[in-house]
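A single chain, nothing else alongside it, follows as structure tokens in the form predicted on its own.
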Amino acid sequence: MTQAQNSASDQSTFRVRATFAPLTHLELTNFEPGRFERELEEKAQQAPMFFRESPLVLSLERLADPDLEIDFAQLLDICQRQGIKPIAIRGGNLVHQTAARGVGLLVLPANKPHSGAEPALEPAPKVEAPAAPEPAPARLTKLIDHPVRSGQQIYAAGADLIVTAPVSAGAELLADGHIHVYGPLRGRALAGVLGNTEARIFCRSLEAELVSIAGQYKISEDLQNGSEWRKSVQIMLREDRLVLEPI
């Protein structure tokens, strides 16, 4: 064996890196196979690229009946017919989790439930006013000063995203914080992808294929029905509903 071959054989065949890919959650409230397939097909036709080519988590945390029996093999078949490939479930009971593992799905822990009222506390003793807190660090910002072309994806991890050029149809912007587009927004913009419901989207001309904040989204057909189409707008969440307002 040559020295080069020895050197190559000493090197590891892989390395592990912690990275992030935004996860789309499909929250099940019920599972009636026929109705589920019809509704899923409608969504897939409305936004054909929203679920495709991205990992999907089936969330069971909002099931109307927490003990609902779910045939996960049938559910996966329905999803795959629409080109959708779930990789995991979130939450569910022990029966759900065992069945999901049986068809190759991962099981993610449920989000922490909202706790009830805090116990009453005795009044705190009077103390002197504390010193003024140090100013919080500014939010990180990712700046893009060139056009974002079709097929490009830009993700601002832990930051706001500012684009000072046009965003073409077929392009995708993702940010953990806000998204600002100082030009036409013709692609997809997903803000607050880690669940930040305070995130907003700002753009000079709304012509988007899809906009989303913390998983709540509207597609082009919905947006064109409003008076904000091709206008300067800001998009935000109010009571789990996307709201558009002129700037």
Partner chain sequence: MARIITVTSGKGGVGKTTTSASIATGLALRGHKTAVIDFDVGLRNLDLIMNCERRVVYDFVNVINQEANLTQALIKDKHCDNLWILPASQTRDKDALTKEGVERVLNELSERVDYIICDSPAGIEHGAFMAMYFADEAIVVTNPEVSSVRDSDRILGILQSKSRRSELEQEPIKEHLLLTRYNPERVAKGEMLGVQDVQEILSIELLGVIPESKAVLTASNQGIPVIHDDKSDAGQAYADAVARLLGETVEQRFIEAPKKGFLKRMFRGNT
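Model, not experiment: these values are computed from the prediction. Residue numbers count along the first chain shown, from 1.
Although it is not shown, the form predicted together with the partner chain is what the next lines describe.
For the candidate spot formed by 151, 169 and 209, every residue has a non-hydrogen atom within 4.5 angstroms of the partner chain in the predicted complex. Taking the partner from elsewhere, residue 186 is found to have a heavy atom lying within 4.5 Å of the partner chain in the predicted complex. Contact annotation: residue 83 falls outside 4.5 Å of the partner chain in the predicted complex, judged by heavy atom distances.
Within this chain, residue 147 lines the site of the partner chain in the predicted complex, having a heavy atom no more than 4.5 Å away. Of the candidate stretches 85-93, 71-79, 98-106, 161-169, only 161-169 contains residues with a heavy atom within 4.5 Å of the partner chain in the predicted complex.
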